[in-house]
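This document opens with one chain alone, in structure tokens, the form predicted on its own.
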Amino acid sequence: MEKIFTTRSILLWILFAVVMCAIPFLAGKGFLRICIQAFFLAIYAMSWDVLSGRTGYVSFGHPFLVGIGTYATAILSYRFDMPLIASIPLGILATMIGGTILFLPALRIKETYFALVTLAFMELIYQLTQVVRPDLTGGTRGISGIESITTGAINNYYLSFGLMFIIAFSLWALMRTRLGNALSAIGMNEEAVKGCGINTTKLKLFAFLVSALVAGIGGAFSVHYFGSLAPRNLFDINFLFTIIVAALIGGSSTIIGPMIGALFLTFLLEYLRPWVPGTERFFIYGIVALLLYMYRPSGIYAIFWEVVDKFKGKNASSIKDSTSIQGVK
């Protein structure tokens, strides 16, 4: 029987939940709204990390998956007056089905070609949402006035945090199993995994389905928070760049790292807004991300544990190796 949970890890998760649940009592609504954006970005980044961080198949089309879930639930609820209790699950299901139909052939392609194919898928759905049935998709204008799940910054804070926490904990536990280690092994040496008699295509498909599930959840719930969607924003290169950078600087292949990276990037962008109100903010945080990734490629997550181990007088070099395989502390 695999030992997935330890007393220490469970206590750390509980502490994290308690601290985050206490924030609404200490912070204003503006701060909470920034947190909500960070939680949804964390969901997207963790979704990307399951596929690209673990298996090494870098996807440049992740907004494609988010977009399917977003459009599906928005169309069902706004155009067909379907209750959210039905439209959201159907939107998530549409993400998994639609993404699998288009992405499955791409899983047999490796390295740069896979990244280019996924980028093409994102551009494809961007064009389709504008010209195919604009009476449903809203065309270039998108859809506005979408029904909200709940109102108020505090309610939405707890809802989005609850989603992020459940997803993060579930993925963290999953990646501690042998299945998670097998996915990491594909990223290290896929041919060696095949040599052991393991069907890597099935493993990659599983990683993709989990990734699509998480992306669908994030897209379906976020559109009912923001209340609108526009193809130009949803399939924007800055959105894709932010998802990938959040995963990388937080610590890819760790699940927890992308969550940390999303919180870091969101607050960095928001606090840069008064001084750099335009898109130049993305250039600044891009430089920060590049420098961090160049000098600490293992990410903020590994840096944190290096500091903890140095404080304890341990050898921090072992952390880099353990986090790259296990993705946990």
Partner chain sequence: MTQVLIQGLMLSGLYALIAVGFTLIFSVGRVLNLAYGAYLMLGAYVYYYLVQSLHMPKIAGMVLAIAVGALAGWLKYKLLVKRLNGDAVAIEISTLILAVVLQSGVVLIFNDSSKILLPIVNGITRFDGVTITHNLLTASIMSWLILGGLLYFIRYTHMGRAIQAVSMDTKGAQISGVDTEQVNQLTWMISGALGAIAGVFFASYTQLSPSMWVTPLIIAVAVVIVGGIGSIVGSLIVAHIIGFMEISVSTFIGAELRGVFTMLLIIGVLVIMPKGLFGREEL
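Residue numbers count along the first chain shown, from 1. This is a predicted model, so every value here is computed, not measured.
Form predicted together with its partner chain: not shown, discussed below.
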**Q.** Partner-contacting position among I154, L136, L128, I97 - heavy atom within 4.5 Å of its partner chain in the predicted bound form
**A.** L128
Q | Contacting member of F283, F267, F304, F31, with respect to its partner chain in the predicted bound form [4.5 Å, heavy atom] | A | F283
(Q) Based on heavy atom distances of 4.5 Å or less, which listed stretch (89-97, 114-122, 217-225, 164-172) is in contact with its partner chain in the predicted bound form? (A) 114-122
(Q) For a quick test of understanding: in the predicted bound form, does each of G56, I109 and L248 have a heavy atom within 4.5 Å of its partner chain? (A) yes
Q: Flag T150 as yes or no: does it have a non-hydrogen atom within 4.5 angstroms of any non-hydrogen atom of its partner chain in the predicted bound form?
A: no
Q. According to a 4.5 angstroms non-hydrogen atom cut-off, is S144 in contact with its partner chain in the predicted bound form?
A. no
Q. Can any non-hydrogen atom of L290 be found within 4.5 angstroms of its partner chain in the predicted bound form?
A. yes
Q. Taking 4.5 angstroms as the cut-off for heavy atoms, does I237 touch its partner chain in the predicted bound form?
A. yes
(Q) Under the 4.5 Å heavy atom criterion, name the residues of 139-166 that approach its partner chain in the predicted bound form, in sequence order. (A) none
